[in-house]
Each structure stands twice: as structure tokens, then as C-alpha cells.
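Starting off, we have a lone chain in the form predicted on its own, written out as C-alpha cells.
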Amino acid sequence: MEIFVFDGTLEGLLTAVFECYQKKSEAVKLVSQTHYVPDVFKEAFAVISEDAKAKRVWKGLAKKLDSNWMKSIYRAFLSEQPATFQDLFEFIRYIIDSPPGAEANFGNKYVLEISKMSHKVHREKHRMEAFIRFQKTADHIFYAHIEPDFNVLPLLIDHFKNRYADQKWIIYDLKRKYGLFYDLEKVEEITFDFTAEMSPALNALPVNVLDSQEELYALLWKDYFRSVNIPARKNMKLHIRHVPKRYWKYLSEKQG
């Protein structure tokens, strides 16, 4: 089996597929640079990402798959799971080598795995849309930080840009150390160098950067949740099913 090492980008993965056909490779193990462990007894092929090669593969897929499946490929890629990179590689080869309609064959391992992973990433995206709580800074920018299991930030842009079109906001991924900044016109990718000051256990910025009214707003929000809670109808098992505990650290109503 040949080992292909790529740079961990979608462009790199698609380029690896292109190289596989160009080299007439049979069995290939695809590994990202992050997860690659050199083996002195086995030489690896370093995949160099090339936009033109990646686009040829992507266009070829688009001729056989509808837009939902193309989105599924992208969502599965954002899982960042090493096994899913291999599944994507095999799935794409399977689609290219098969007649149209092969994506409906859920008896194929890779069709099933990509479908399942895409749903997992999609579910994480929806949870982030529901559980993100912003804090207003002294600069009148609304800020929230998250630590999602998957790299869902790119999937959140449309939702928050449409919902908070008249407010500047930042959503920062502490785990991956990058964020999104909306300046009322466009969304840009940003990085900070002060995340060490953040506590992922608390949905809180340092007090000195918060708006003077932020503490009052947080208190009012907590009071609202307490007032609508009906103790007699409390069902903690059902509540945790819809709001898993690992997301509670983002929710200001769960703090204090």
C-alpha cells in the first residue's frame, strides 16, 4: 500500500485523488501531515496541493453528485478526523469509478461513513447556532468563544451574518485558535494572541474589556430563564438530551 501525505486541506485531499489516478496507484493510505509518523522502511509520497488539480476533481464530482452530496463532502471534511480523510478519499474514488447514482448505494462502506459523518458535523453546527451566547465588549462588538468537536466555524457564517446583520460580532474557536469577525459588511478570519487569558470553562471575557452594562444583561438573562422554568415539569434527562452538558459552559444561564 502506498502512503500519501497531504497538508490537511480540502484542496490537498482533492489533489491526492488526482495524483492517485495520475500515478495509477491501487491501494493508498491517506495521512495528513499532522498525523503522519515517518517509517524508515516505507517511503511516503508528499502530495503538493495544486488548485488546478483539486478543481478538476471537484468539477468531476459535481457532474455526478447533487449539491447536497457536495455539501456532505465538505461537512465530512470539516470533521478533521483522520479516518474520515481516508473515507473521503475512498468515497471520491468510488464515485469517479462508478456509474451515476452510486452515492445511493449505502451498502458501500464509504457512502455510509461519509453520510454519517456529514450528519454529525451538521448537528454540531446547529447546536452551535443555538448555544452560542454573545457578550458585548466596551468596543460595542459582540463576542463569543466556542470549542466545537468539529471545525464548524465556516458553516456558521451565513446564519450569524443574516441574524445579526446590524451588529459587529466575533466568534472565536479556542481549540483551533482562529475566529470570524463580522464588520457590518463582510466576514473575515482572524486570530488572537490573548486566548491564554480565556477560561474555556466560562463563557466570559476579562471584565476590563466588557461593556459596563454586560453584567446587568447577563443577570437579566438568568432571571428570565429562572422565571420561565416550571419546577414541577422539570425533566433533567430530556433536558440533557437536547442540551448536552458539554455545551453548558457556553450558556450564561447555566453559570453561577
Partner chain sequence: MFERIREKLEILADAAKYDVSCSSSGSNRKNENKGLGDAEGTGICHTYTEDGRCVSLLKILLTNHCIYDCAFCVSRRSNDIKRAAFTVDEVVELTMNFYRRNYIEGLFLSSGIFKNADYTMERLVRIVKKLRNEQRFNGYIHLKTIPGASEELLKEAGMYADRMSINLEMPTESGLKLLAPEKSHEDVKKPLNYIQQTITQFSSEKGLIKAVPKFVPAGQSTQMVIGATPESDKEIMHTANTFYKNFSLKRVYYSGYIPISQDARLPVIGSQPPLIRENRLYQTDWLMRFYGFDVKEILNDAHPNLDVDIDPKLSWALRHLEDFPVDVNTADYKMIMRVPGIGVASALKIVQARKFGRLHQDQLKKIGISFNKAKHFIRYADSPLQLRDYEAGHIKAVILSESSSKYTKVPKNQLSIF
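All values reported here derive from a predicted model rather than from experimental measurement. Positions refer to the first chain, counted from 1. Under this definition, the rigid core comprises the largest set of C-alpha atoms superposing within 1.5 Å between the forms.
What follows is about the form predicted together with the partner chain, which we do not show.
Contact check for residue 220: a non-hydrogen atom falls within 4.5 Å of the partner chain in the predicted complex.
At the 4.5 Å threshold, heavy atoms of residue 229 reach the partner chain in the predicted complex. Although the partner is absent here, residue 214 is a contact residue: one of its heavy atoms lies within 4.5 angstroms of the partner chain in the predicted complex. Proximity of residue 132 to the partner chain in the predicted complex falls within the 4.5 Å heavy atom cutoff. For the options 102, 170, 156, 96, the residue carrying a heavy atom within 4.5 angstroms of the partner chain in the predicted complex is 102. The partner is absent here, but in the predicted complex a heavy atom of 136, alone among 175, 136, 71, 120, sits within 4.5 Å of the partner chain. Contact annotation: the partner chain lies within 4.5 Å of heavy atoms from the stretch 221 to 229 in the predicted complex, the single such stretch among 41 to 49, 27 to 35, 58 to 66, 221 to 229. For the stretch 162 to 186, the set of residues having any non-hydrogen atom within 4.5 angstroms of the partner chain in the predicted complex comprises 162, 163, 164, 165, 166, 167, 182, 184, 185, in sequence order. Relative to the superposed rigid core, residue 34 undergoes a CA displacement smaller than 2 Å between the shown form and the other one. A movement of the C-alpha atom of residue 67 falling short of 2 angstroms is seen between the shown form and the other one when the two forms are aligned on their rigid core.
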